[in-house]
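So this one's two forms of a single chain, laid out as structure tokens and tagged structure 1 and structure 2.
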Structure 1
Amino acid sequence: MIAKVIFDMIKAKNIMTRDVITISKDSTIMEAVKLMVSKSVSGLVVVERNKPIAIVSENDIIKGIVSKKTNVQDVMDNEFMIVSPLTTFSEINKSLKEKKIKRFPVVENDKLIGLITETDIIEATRDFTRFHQIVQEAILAIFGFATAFFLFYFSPVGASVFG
């Protein structure tokens, strides 16, 4: 229950990467590769008039090289899900696990403002597991102290101390 509340507090805008590297669908695979290597990212968003239309990942590039394609257009794939900045973390995590979608472009007012990758989700899972653990421990401590005080207050010794 606490997990649900905490996981719903996390929105897409909190975990996304803001510098999205984009490419047009008419570029060649080599351009895509150079862009990937120079920006050290593992995937590019293919945009048309500032709208994401596909994703190119390292895997797509390798498939392209193996089958001797030259254009980004021939290798890009449509396995992505557009999310809004306010989409909750649990929803994104669910799509990652069930539909095997690995990249989530974040779009606000028809503009691409960020990208959520698997790495972002892993890091977020770690951070929030840690945070959740702290919340849980705090609740346990409060309960513990309250119970101890309660016990003492109503015990005969406590009664003689507090009157």
Structure 2
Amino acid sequence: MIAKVIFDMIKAKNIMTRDVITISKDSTIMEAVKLMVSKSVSGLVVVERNKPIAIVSENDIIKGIVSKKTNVQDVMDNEFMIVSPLTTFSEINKSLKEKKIKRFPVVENDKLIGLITETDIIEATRDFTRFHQIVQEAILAIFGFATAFFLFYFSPVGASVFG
């Protein structure tokens, strides 16, 4: 329950990658390959006037090369989900699991401002898990200190000190 509340507080703008690598639908597959290799990414956002129109992934590129396609528009995937900067982590995570979506362009005022990938989601989950663990340890420390204080306070030694 607490995790759901916290996941609803985390917004897309907090976990997105801001420097999105983009490509035009008219680019060649080889241009896409070179861009992916040079930027060490596994997918590109296909844009038209800075608005995402598709995603092209490594798998799309491989299928295109095998079928002798030449342009990005011949292999790009139009099935993707645009999110706003205020979309919650819970919504994004649900779409990742249920719809098997791996990349989420973040759009504000019809302009691409970021991208959320599976890696961003994994990192956010890991960070939340660390935060959750720290909070648990702090609560246990406080509880342990309070318990020790009351045991001492009500012990014969504590009664002689405080009494």
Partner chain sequence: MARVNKVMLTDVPTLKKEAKIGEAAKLLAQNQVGCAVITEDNKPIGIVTELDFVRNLASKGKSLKENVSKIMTSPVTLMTPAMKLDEALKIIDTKKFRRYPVVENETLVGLVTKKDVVNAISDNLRLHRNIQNVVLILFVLFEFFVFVIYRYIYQYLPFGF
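Structure 1 provides the reference sequence; residues are numbered from 1 along it. Superpose the two forms; the largest set of C-alphas matching within 1.5 Å is the rigid core. All values reported here derive from a predicted model rather than from experimental measurement.
- Pick one: is 1 or 2 the form predicted together with its partner chain? The form predicted together with its partner chain is shown as structure 1.
- Message: If I superpose the two forms on their rigid core, does the C-alpha of A138 end up displaced by 2 Å or more between the two structures?
- Response: Comparing the forms between the two structures, which are aligned on their rigid core, A138 does shift its C-alpha by 2 Å or more.
- Query: Through how many degrees does the small rigid part swing between the two structures?
  - Reply: Interdomain rotation between the two structures, rounded to whole degrees: 18 degrees.
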